[in-house]
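The chain below stands alone, shown as structure tokens; this is the form predicted alone.
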């Protein structure tokens, strides 16, 4: 159970529903919004900003490829026993 109040996908209306729809369009095949992002749902503007920054930092090629970044993140999450 979450300790931070957030808006579930099925309950989303207005601005956060639109932001969720944008996230799902950019992430086909993902069944739910990750909780680490959903905790920003009470501030749809901030939700969008964090998604935009995250996409640019984590999910684009730069010095490291996206594939390598994902492998490092998976390894670190496993070491920390973190589901993210």
Partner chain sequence: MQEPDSRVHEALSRRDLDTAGLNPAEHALMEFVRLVTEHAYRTTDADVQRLRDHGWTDPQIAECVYITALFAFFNRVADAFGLEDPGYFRNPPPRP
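Positions refer to the first chain, counted from 1. From a predicted model like this one, the values you see are computed outputs, not experimental measurements. Here the rigid core means the biggest group of C-alpha atoms that line up within 1.5 Å when the two forms are laid on top of each other.
Below: the form predicted together with its partner chain, not depicted.
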Residue 70 versus its partner chain, in the model of the complex: is there a non-hydrogen atom within 4.5 Å?
yes
Residue 62: touches its partner chain in the model of the complex, heavy atom cutoff 4.5 angstroms: yes
Answer for residue 54 alone: is it within 4.5 Å of its partner chain in the model of the complex, judged on heavy atom distances?
yes
Subject >> Contact of residue 43 with its partner chain in the model of the complex (heavy atom, 4.5 Å) >> reply: no
Output flag, 39, 50 and 83 jointly within 4.5 Å of its partner chain in the model of the complex, heavy atom basis:
yes
Review point. After superposition on the rigid core, does the Cα atom of residue 17 shift by at least 2 Å between this form and the one not shown?
Key: no
